[in-house]
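Next come structure tokens for two forms of one protein chain, structure 1 first, structure 2 second.
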Structure 1
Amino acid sequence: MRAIEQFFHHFGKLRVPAAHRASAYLQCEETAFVRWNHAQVRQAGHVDQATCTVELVFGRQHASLEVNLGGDAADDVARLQWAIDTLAETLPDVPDDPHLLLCDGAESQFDLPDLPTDPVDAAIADIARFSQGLDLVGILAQGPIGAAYADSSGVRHAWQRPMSLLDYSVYAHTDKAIKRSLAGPTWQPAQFAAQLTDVRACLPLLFVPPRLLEPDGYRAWLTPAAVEALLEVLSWTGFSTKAHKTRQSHLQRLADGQGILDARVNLVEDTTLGVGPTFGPTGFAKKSVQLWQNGRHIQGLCGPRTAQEYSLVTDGAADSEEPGSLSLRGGALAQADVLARLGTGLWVDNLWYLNFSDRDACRITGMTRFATLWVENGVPVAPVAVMRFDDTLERMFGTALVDLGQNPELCVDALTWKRRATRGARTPGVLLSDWTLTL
């Protein structure tokens, strides 16, 4: 990406005050956005943006500023120099930071594969053609995303990836719809066509009068999208070393050995997923980390500040210590066998409004979303009226876990607030013997 090449050139021109250390972290994208409604294009545009976070350090004092880069070389260098000068004036009033850890001397890394030519016009034509007769609503975001890091100690990092993401729903009526997403380095027309074939087969069921269930425990299949929603909530503090050390993690009891998950639960922060840069905003390289193995807590993610505070070694995690590329290993259940193994119970297509109802017990609550179906003897027969679930991680991934899906799916974050997200998770679906609905 041109923004990355320019970034390194601009950084080399900056005047840094004596005895100070400067660093800069670039986030950039060249994205075609297309919004759909009633399977027709309602809005189309293009975003080419680059945002740079500049940090200046003197001793143990440090401060940062974010500036937008506009592409004009002279203007961009002036903006970056203004940030350096402003921070230099600010630092005398900033207190020392005892937990500051710098990546001086780190090995530079460049992950810059060739970006394929993947015109958005082809994706638009495919979506329009395959979705004829459907009320498809959603957003297509397609184009390269990138990041880069530079500092005055000589460290240089760069990363870029092509990414196509279609996040969409096919609406049936009232509160009934089917939600899907499709993500990959390039647009995948065959996979999209296959998704819509399944959607068309399911749509007639959504017009059947919904099944009203009593609050109780039900056998359930949670799709990869539903499992990813659960993992996102667990990511808030569940995998943070700082949260574990201060005993604020909602996985604290399990991490302390007061409970155990099913031995088939293996969770890794897997930097090879390719959804985000393999280095953080402070320049440290991100490492793949085995978080849970055979149902037992192994370690948490450790950011530079936590490493400095507790005399640990950082794995390059961000200060939030939330995973950005979580991977849950699959199991033995083939997709073709899911309905038969489910038997009678719930097909849970997606979940939303998730939160904790009891953090200490890692109890999560939320609502079923869109196409949640009632299945009898392996055959979907009706949609289910929207229900609230309330259950603990120890049950869902422990005593109630029957099996995990054989083929984990990549779920990429569709967030486009401020910029496209660079996080995702690879997860299978899970079959549960007993999943608690409360109202």
Structure 2
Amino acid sequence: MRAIEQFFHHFGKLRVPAAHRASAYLQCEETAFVRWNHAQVRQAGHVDQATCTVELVFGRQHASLEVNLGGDAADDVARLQWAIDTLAETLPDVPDDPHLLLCDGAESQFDLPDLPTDPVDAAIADIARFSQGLDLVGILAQGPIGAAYADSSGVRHAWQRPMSLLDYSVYAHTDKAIKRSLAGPTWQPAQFAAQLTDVRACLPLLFVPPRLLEPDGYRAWLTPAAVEALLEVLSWTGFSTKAHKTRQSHLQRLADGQGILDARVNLVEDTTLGVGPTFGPTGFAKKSVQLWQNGRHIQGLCGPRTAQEYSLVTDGAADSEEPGSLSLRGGALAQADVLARLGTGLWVDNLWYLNFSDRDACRITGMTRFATLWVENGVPVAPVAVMRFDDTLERMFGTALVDLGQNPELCVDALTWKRRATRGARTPGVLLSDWTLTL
């Protein structure tokens, strides 16, 4: 990407005050966003942004300043130099930071595959044509994303990816829909057409009057997308070493060895998934970390500040110590056998709006969403009116776990809060003997 090419050149031109250390972390994207409703375009736009977080260190004093780069070389160098100068004037106000840990001496890494030309016009035309007659709603985000890091000690990192991500749902009526996503380095019309063929075959079931369930315990199959939602809420503070040390983690029982999951549950923060850069704003390389093994907590993620505070070794995690590429190991349940093993119960395609109803016990609540189906004797027979679940991790991944699916799927995060996410998770579905619905 042009922003990455310019970044290293700009960094080399900066005048850093004597005895100071400067670093800069770039995040950039050139994205076409096309929003759909009723299989037509609701909003279409292009976002070109490059944000650079500049940090200046003097002894143990440090501060950071985030600035935008517009692409004009002279303007961008001037803005970065202004950031350095402003930070230099700030540092006398800032006391020594006992938790500062620097990545000096880290090995540089470059992961810069070619970026194919992938005009969005073709994708727009394909989506409009293939989805005729369907009530499709969602977002296409297409174009390259990237990140880079440079510092005074000579460490250099760069990462970029071409990416086309269509996150969409096809509605039958009211809140009954089938949700799918299509991610790849470029737009994939054949795969999209195949997905819609499958969706068209499934839609008629959603017109059957919905089954109204009473609050109770139900046998349930949670698809990989539903399990990914569980992993996401666990990620808030669950795997953070700092949260473990200060007893704020909702996985505290596991971290303390008081809680235990099924022995088939194995979870890794797997930085080889390829969904994001393997370095962050601090410049440390992100390492893969075994979080749970045979149902037991092994270790949490440890950012540089936590490592310094508690005399540990950092794995390069971000300050938030949230995972970005979780991988849950698959089990023995073949996809072809899921309905038969489920028998009678719930097929849960998606979960929604998860949160904690009891942090100490890691009890999670949330809603069923999209295609949640009632299955009888291995046959889906009706959609289910949305229901609230409320259950503990130690039951869902412990005493109530029947099996994990054989084939984990990669779920790429479609969120774009400030910029497109560079995270995802690889997870199988899970079959539960008894899943608690409350409302």
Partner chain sequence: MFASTLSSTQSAAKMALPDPLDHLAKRAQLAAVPCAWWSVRGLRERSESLVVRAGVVEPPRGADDFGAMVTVLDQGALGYAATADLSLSGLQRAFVQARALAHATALCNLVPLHAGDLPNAVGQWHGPAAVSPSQLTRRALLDRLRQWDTALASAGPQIVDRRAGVTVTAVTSVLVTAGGGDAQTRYHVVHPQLEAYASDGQTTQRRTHMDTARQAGLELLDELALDLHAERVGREAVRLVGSANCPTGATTLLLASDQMMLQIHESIGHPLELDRILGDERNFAGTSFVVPEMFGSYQYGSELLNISFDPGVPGELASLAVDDFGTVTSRQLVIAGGILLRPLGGQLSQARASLPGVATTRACSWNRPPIDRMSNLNLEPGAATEAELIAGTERGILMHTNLSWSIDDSRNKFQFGCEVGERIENGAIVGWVRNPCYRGISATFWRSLNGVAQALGIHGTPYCGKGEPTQIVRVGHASPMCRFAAVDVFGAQSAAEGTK
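The first residue in the sequence of structure 1 is number 1, and each one after it adds one. Note that this is a predicted model, so its numbers are computed, not measured. Note that the rigid core is defined as the largest set of C-alphas that superpose within 1.5 Å between two forms.
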- Message: Between the pair I just shared, point out the form predicted alone.
- Response: 1
- Core-superposed C-alpha of Q132 shifting 2 Å or more between the two structures: yes
- Indicate whether D358 shows a C-alpha shift of 2 Å or more between the two structures, with the rigid core used for the fit. no
- A194 C-alpha relocation of at least 2 Å between the two structures, rigid core basis: yes
- Query: By how many angstrom does P116 shift at its CA between the two structures when the core is held fixed?
  - Reply: 3.5
